[in-house]
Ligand code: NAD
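Take a look at this one chain, the form predicted on its own, written out in structure tokens.
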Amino acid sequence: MSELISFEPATGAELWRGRTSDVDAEVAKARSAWPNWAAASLSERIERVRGFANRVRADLEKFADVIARETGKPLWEARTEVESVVNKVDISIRAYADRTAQRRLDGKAGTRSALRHKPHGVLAVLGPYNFPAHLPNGHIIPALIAGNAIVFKPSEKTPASGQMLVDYYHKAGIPENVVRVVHGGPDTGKALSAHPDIDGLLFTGSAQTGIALNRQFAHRPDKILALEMGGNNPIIVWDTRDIHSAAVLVVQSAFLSAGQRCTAARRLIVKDDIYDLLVSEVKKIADRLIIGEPYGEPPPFMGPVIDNDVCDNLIESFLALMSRGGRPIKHMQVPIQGRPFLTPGIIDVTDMQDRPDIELFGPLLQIIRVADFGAAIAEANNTRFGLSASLIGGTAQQYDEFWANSRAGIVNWNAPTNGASSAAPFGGIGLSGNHRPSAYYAADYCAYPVVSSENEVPKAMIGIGMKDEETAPVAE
């Protein structure tokens, strides 16, 4: 087994050190524990996950500290992530009752028909680094309530946060073998996803990895696969008198979490006649953003990206856009050499031929100017992704047109592209997902429906197609 080390992106200090895991051993433990967990009453499973929420709530500052240091995000944002972890429990309990409740169905006279749901078995969960607790927890809690056992692989960039999350499950009385954690890099993730003893995989991450998983599972229709893969999200700004508020919404959409949200706005589509006013205001606000380490004073708006490799790739992407005809509005720069802090980058790509349809996962906003609303919607849909889209300004009629024609799973009006509620379904189409939305709808993929026709005693007859008893041949 090799060693895995996690470093704080803001300081470079070592935060956590551990060994890569034995995937076979961890899956076997989960498999052995699953029958008893599935056989436990729903009330018992709910009691255990409520205990988890209480444990995390009591340790909010401690957990937020680890998340902030390991991701580099501001402490205030890490606190909101831990609060989301806690709140996910009550939301998931409600969602399970709503989406997968036992029901009696109409049946023939004297016959009961019932709808119940069963867990799949052992589910693998692959977590991302941007929300290393909230996003995997959004899969794990609904899966546990449904009666599944879990093998969770955190991102190799945030193993400390992932390990801490699993420790809280165990401290709450959820049996240790019901939730297992495997640490390691991409090879470990591949071994887990391909393991014959998992019954499905719940994934949040890049489209590239999601596509590979989709291909891998194509010949296994017996295994559930839920994919959440990010987006190349558009935000349209149309006729509005409040340019400042519009610009604030654009900045929040593009640069919150250093642009490391799958719902972050990657493309700003703006009407010609408000272009100058809006872009000037967006740049002015972006210039004022405080970029700093998690405990900085005054508190920063955003921290670094996750590591230097991501930082370098984003700088190269900005330069590539420039070389292909992009006009820089605000240059992306590295204010602290050797550390992955980035200033927001803003670039006009209106005149660029063949704009790249990729998710640039960081604080980089591309601007496209258009003349009419139809062109704005067409440009918004000019992507293989389809997670989030927002319209700022415009009329109610234009919003109706935007909503009806947008290819996205989240469509907002006068609201940012990010900040989706866990109490609603969360997911997209195209390269953003495989039609298995998470959040409130996670209950749908954590259990499968079983329909039963039930009678107290057997009673049957054949009423047609039978010979009279008198004419039927007698057996010799």
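All residue numbers refer to positions in the sequence shown, first residue = 1. Just so it is clear, the structure is predicted and the values come from calculations on it, not from any experiment.
This next part talks about the form predicted in complex with the ligand, which is not shown.
For the chain shown alone, P186 is a contact residue for the ligand in the predicted complex, at least one non-hydrogen atom being within 4.5 angstroms. Interface membership of E359, defined by any non-hydrogen atom within 4.5 Å of the ligand in the predicted complex, is confirmed. The ligand in the predicted complex comes within 4.5 Å of a heavy atom belonging to G230. Mapping the unseen interface onto this chain, P344 falls outside it, with no heavy atom inside 4.5 Å of the ligand in the predicted complex.
No member of the trio V23, I140 and Y169 reaches the ligand in the predicted complex with any non-hydrogen atom inside 4.5 Å. A single residue from the set P159, P300, G326, G205 has any heavy atom within 4.5 angstroms of the ligand in the predicted complex; that residue is G205. In summary, among the residues A78, I235, C262, V179, the only one with a non-hydrogen atom within 4.5 Å of the ligand in the predicted complex is C262. Stretch 205-213 is the contacting one of 312-320, 236-244, 290-298, 205-213, since its residues have non-hydrogen atoms within 4.5 Å of the ligand in the predicted complex. Residues of 128-146 lying near the ligand in the predicted complex, listed in sequence order, are P128, Y129, N130, L135, the criterion being any heavy atom within 4.5 Å.
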